[in-house]
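A single chain comes next, written as structure tokens; it is the form predicted on its own.
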């Protein structure tokens, strides 16, 4: 087995991890700020893929689907937070978990009624079709595009959280929302926007993943499992942890598929178990969050 094949497989793992990062980021942002474990996250990923497909079919442009779908699904997320989740903040932490678990099934069945149960292909945009020569081998241009979009999103998210007043409020509110209320900050509005942002990120991941797989109502199930594995490995509520763990899991799956394909599905769970044995709070998590 030559070095070029291994290098290409590593790069494939990075591309796979990029989608996991998008979904895990949304999950971590929502948990880190609101303390809500969103079990509807995989279903919202699927809704993002369908929204992107529908908008692209209406406009004839993948780019409009990529732009509008995350915004539309993010707005849906804000509606979910305002109407369904907000009344449960002062109750047991299990209540929002159970609500979002049921909501995920509602979204899946609603999409199945509207679009059917069969998978729908999402064609790769012509501008991103084909392969590129990386010097170590040929790699699909669309996957390079996905990695680039995720990297740009991470940069913008970091700038927003570290360099803006809103980012300062979000970081402070995640540590002590009561103090923020005392200082006159409308923390309810901040939570609304943060939940919408987290949902928009997973919807963007759904649109990006759609051309690489058939769009179907069940596509969010495996993604939800992957997102929770990545989030647990990185540390619940840790954005840095979501990025590092996403890349780690993606590369682990890709390399395992190369050497032992039958183990590729379970390697991420084995990795999660190993991390939990050593650090129950995850690689970058805090013991209080665990």
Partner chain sequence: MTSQGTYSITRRSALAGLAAGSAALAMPALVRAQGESIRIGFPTPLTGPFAAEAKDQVKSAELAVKLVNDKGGIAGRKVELLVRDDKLNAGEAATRTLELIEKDKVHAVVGALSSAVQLAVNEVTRARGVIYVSISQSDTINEVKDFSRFTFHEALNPHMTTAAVAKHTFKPGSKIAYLVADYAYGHEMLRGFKRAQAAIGATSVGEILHPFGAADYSTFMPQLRAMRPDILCICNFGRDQANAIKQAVDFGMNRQSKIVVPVLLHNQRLAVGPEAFEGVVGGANYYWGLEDTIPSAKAFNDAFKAANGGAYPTDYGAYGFTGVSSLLLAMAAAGGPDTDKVVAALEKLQYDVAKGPQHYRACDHQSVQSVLVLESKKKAEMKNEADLFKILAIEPAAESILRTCSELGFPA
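Nothing here was measured: the structure is a model prediction, and the numbers come from that model. Numbering follows the first chain given and starts at 1.
The protein also exists as the form predicted together with its partner chain; that form is not presented, and the subsequent description refers to it.
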| query | finding |
| --- | --- |
| Heavy atom of residue 211 within 4.5 Å of its partner chain in the model of the complex | yes |
| Close approach of residue 191 to its partner chain in the model of the complex, 4.5 Å, heavy atom | no |
| Partner contact for residue 100 in the model of the complex: its partner chain, 4.5 angstroms, heavy atom | no |
| In the model of the complex, residue 116 touching its partner chain (heavy atom, 4.5 Å) | yes |
| Heavy atom within 4.5 Å of its partner chain in the model of the complex - residue from 66, 240, 37, 258 | 258 |
| Residue among 236, 56, 244, 224 with a heavy atom within 4.5 Å of its partner chain in the model of the complex | 56 |
| Region of this chain that lies against its partner chain in the model of the complex, out of 164-172, 128-136, 150-158, 71-79 [heavy atom, 4.5 Å] | 128-136 |
| Contact check for 123, 254 and 264 against its partner chain in the model of the complex, heavy atom at 4.5 Å | yes |
